[in-house]
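Single chain ahead, by itself, as structure tokens, in the form predicted alone.
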Amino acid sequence: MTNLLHRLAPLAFTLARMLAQAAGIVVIVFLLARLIPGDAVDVKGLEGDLTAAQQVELRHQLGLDRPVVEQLAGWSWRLLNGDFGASIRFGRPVSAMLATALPTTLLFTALSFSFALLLALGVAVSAVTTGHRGLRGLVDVLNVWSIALPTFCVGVVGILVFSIWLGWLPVLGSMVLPVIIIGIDSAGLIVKPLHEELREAATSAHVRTARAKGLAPSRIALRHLLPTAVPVMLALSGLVLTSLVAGTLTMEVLFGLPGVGSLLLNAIHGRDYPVIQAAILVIAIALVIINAATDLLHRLIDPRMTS
């Protein structure tokens, strides 16, 4: 029990620091959103829905004419009571809008992450067990891909090639192409350090003994190499999931997926402050949970983390 508490104490400190960072991000976004010229009432006025007098009245009803500090205090109090507020533009509860958008984002993230792990693990293990030059080259290709090619640009090219020229996929609404693009990009972050770790493990005494006994490469990989890769995979998974949060948001916008990214962009265009703040808060909390979960698992699996 004491040993477990010793392991979890640094995690508790890290979690508290992450929560403070998340709160800081939300406050900064709250303030920056109000530095953008115009608000939701101005947007409605430009659309011709309101007269000047109606704009003044609506701005007063929504509290947008109050000092920013007072607006922040009021929003924070409502948030502590579980109230995200209502959309200024559409009048819908923000929680309902998030509940509609989150399943798409979660599915997109899960598919991309799974594809990235399978691709990186398959390429790295195959390159080590077979020693094939082409597979070792593929490790470098994936790594360079993730560094040199922005996913948004690859997405635009993918739409031109596979949707417009070849007509294989719809331009909007399909997850196939964005999952592949994000998956390849994320696999590039994992595959290089994973390959190096597995290659070092392959030179260990127990692996050489297994080869001398005539064990098949697949059994060597499953019984001797993959357990070695678990701590590395956990450490890299946190990095990958963090980058996936940003990557999925941009891909949702580009491919017209009705997720949190599209919801956030539309809210920014419409100066819909409650939706912007709630979406950023959800993203910040997601990052905290991802980092805390991977850190916890890493500390529980690898005792060296606490030394």
Partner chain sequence: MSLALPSEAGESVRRGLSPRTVIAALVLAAIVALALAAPLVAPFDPLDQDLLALNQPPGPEHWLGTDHMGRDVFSRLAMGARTTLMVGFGGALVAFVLGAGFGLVALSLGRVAETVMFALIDLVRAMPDVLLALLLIVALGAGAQPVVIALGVAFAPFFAYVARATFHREAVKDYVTAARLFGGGKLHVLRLHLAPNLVGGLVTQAAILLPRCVVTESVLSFLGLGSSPDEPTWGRMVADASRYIETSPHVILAPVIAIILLTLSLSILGEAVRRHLDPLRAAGEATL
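Here the structure is a predicted model, which means the values were calculated and not measured. Here, rigid core means the biggest group of C-alpha atoms that superpose within 1.5 Å across both forms. Residue numbers count along the first chain shown, from 1.
Keep in mind that the form predicted together with its partner chain is not shown, yet the notes after this line are about it.
Contact between M233 and its partner chain in the predicted bound form is not found at the 4.5 Å heavy atom cutoff. Among residues of the shown chain, Q54 is not one whose heavy atoms approach its partner chain to within 4.5 Å in the predicted bound form. Using a 4.5 angstroms threshold between heavy atoms, D140 counts as touching its partner chain in the predicted bound form. When its partner chain is considered in the predicted bound form, V288 lines it closely, a heavy atom lying within 4.5 Å.
The partner is not drawn, yet in the predicted bound form one stretch among 71-79, 176-184, 147-155, 108-116 has residues with heavy atoms inside 4.5 Å of its partner chain: 147-155.
For the stretch 247-275, the set of residues having any non-hydrogen atom within 4.5 angstroms of its partner chain in the predicted bound form comprises L249, T250, V253, L254, L264, L265, I268, H269, Y273, in sequence order. A displacement of less than 2 angstroms separates the C-alpha positions of V253 between this form and the one not shown, with the rigid core held in common. Once both forms are fitted on their rigid core, the CA atom of L241 lies less than 2 Å apart between this form and the one not shown.
Core-superposed comparison between this form and the one not shown: the Cα of F113 travels less than 2 Å.
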